[in-house]
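So here's one chain in two forms, each on its own in structure tokens, numbered structure 1 and structure 2.
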Structure 1
């Protein structure tokens, strides 16, 4: 073991001591339940969310590579004009899904006196606007590239 590795191991050990001190308190109420949420959130990201979005994107990219004719509108590649609004819309859904999908309706109403009913139509409207902005931008680019 090199000197550098020794120092690194020592630093890691110190980190584990602090993490352990906090971890014991974190897990105190429900070891399995809390541990599952802690590890599970990373696992769900790595093995569900990432494969899902990367898989959809890879399938789309592969399709356009096989059919190059489909990949452009008036000479402009449209892939990223789809990706950007889809990613932002998906992100908004990911973050605000409890309100949008109304899974915490009761607690939300009890706390705020408000209804979660508007969030789904609002998210939908924002999504439509995002795609519309992207489509208009694509159209402008296509017209520009069509000019001599």
Structure 2
């Protein structure tokens, strides 16, 4: 075994220890509720969310193939500049949706002593910033490709 493989094995074992500790702490509370949450989230993702966002992406790709002039901005393909902030924003919404949508404000307040009121405006601000950064990056790339 080389030194690099030894370091990789050590890192893998350390990640198993951290994951095991997290699992023990997670299951120390409500085992049935935690299991139901994992199963429910897997089912909702696989049967509802994945077909939804895969279908939207496939429809966009098909539309851009039919209209090739729409696929680029000054010679730069723009679809990934839309995908990346949309995925990050959607993932943040998915993870923090109970607080963003204020569904479980009472449980959050009881556990942390804080209000869930700022989650919606903060998520919206992060989303706007992500799309703004993406738009600026696309603009810079388009200007660079337009230079002689």
Partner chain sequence: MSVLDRWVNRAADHPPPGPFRAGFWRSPLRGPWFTAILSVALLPGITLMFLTGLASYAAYNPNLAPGNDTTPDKGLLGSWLPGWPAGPFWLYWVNQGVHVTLGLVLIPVVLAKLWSVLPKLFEWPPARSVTQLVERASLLLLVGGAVFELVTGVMNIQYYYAWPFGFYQAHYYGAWVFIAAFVVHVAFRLRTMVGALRGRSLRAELRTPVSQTTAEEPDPDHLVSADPAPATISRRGALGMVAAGSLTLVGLSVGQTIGGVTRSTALLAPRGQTIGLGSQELKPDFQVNKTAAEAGIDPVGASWRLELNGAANTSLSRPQLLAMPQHTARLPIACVEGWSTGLQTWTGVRLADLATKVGAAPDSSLFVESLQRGGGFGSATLSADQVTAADALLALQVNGADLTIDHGFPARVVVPALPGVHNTKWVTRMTFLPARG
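Because the structure is predicted, anything quoted here is derived from the model rather than measured. Residue numbers count along the first chain shown, from 1. Superpose the two forms; the largest set of C-alphas matching within 1.5 Å is the rigid core.
Legend: structure 2 corresponds to the form predicted alone, while structure 1 does not. After superposition on the rigid core, the Cα of residue 124 moves by less than 2 Å between the two structures. Superposition of the core reveals a Cα shift of 2 Å or more for residue 15 between the two structures. Core-superposed comparison between the two structures: the C-alpha position of residue 113 differs by no less than 2 Å.
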